[in-house]
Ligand SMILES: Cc1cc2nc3c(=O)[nH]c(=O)nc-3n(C[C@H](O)[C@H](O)[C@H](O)COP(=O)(O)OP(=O)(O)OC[C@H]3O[C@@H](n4cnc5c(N)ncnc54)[C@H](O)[C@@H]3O)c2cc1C
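Just the one chain here, the form predicted on its own, laid out as structure tokens.
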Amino acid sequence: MTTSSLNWPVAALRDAELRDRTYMRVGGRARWLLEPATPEELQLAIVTARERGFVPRILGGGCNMIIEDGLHDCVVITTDRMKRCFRPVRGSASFEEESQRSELVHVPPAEDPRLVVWAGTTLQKLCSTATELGLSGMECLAGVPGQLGGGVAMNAGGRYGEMWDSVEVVRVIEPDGRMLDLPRAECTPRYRNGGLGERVVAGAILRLVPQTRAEVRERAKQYLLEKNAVQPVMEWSAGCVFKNPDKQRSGGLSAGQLVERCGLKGRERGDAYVSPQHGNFVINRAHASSDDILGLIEEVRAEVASQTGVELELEVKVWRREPR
């Protein structure tokens, strides 16, 4: 089968550049990039790709990943067009948008403090929407890049809370193409892992906590200021490279503190370097290759293991070139 003859049921780009779709600004090209605009189109794209012999890869905000340079002979499906965030109709747990209903009943946020969010909604849009509605629970994501889908899949968050603290229902697409709505009680999220396996997140219903706008806004502001003070938020990076290890094994030190303790801040390889501000960030100065970045990460892992005995586990996802 030759891919040049394929027609797709959703918007599609051939030989699409992936570099500028990631926060690290590194990566090669995808043979096909599919751009669904709704959860139903996402499901259709996944099913069609599998029927045609591809194992599709899902690209959200591109913030927690490193894509290897070169041609990826595969189908990449981006959720970037799936940006919907809305309040449910009274008494409904539906993922359908209110504008599609013939009779709308608008519920005050204090009465029904939920939001229905599609996978491509950015975490910052979600945070700002919740703030303006006077709904607390998303402030922990202030300054966190990425989209709802990836945030749920990896249980994004920080010291003040995690994504799954507010998830009531998650809509997923199973590997066999079925769409399912999973209540929180049926899921097993943990640290930096939503526990969904190979399922793809299409959206979620979030249950938040009513508060005043001023309270939510001030809390989000403080969290953002704290984050900006200690992380290189304006640089090209994939966020935290390593998961924080078990405190008993690391002597209570975080991954970034272990890197710093080993004297690795500022370590360079090509145009990639370990941030002098935070040891758990690898920065692309401007023209780093994927080999520069991945090689530097392995250097850091090996040195930390040699000096401390702690084997750091990757938090970032790495896309290698693979035959389909």
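Note that the structure is predicted; figures quoted are calculated from it, not measured. From 1 onward, residues are counted along the sequence shown.
The same protein also has a form predicted together with the ligand, omitted here; what follows describes it.
- Picking from 205 to 213, 246 to 254, 118 to 126, 174 to 182 the stretch near the ligand in the model of the complex, with a 4.5 Å limit on heavy atoms, gives 118 to 126.
- In the model of the complex, none of the heavy atoms of residue 36 sits within 4.5 Å of a heavy atom of the ligand.
- At the 4.5 Å threshold, heavy atoms of residue 145 reach the ligand in the model of the complex.
- Within 4.5 Å of any heavy atom of the ligand in the model of the complex lies no heavy atom of residue 303.
- Although the partner is absent here, residue 54 lies well away from the ligand in the model of the complex, with no heavy atom inside 4.5 Å.
- Residue-level contacts in the model of the complex: of 219, 114, 84, 192, one residue has a heavy atom within 4.5 Å of the ligand, and it is 192.
- Residues of 60 to 74 that come within 4.5 Å of the ligand in the model of the complex, judged by any heavy atom, are 60, 61, 62, 63, 64, 65 in sequence order.
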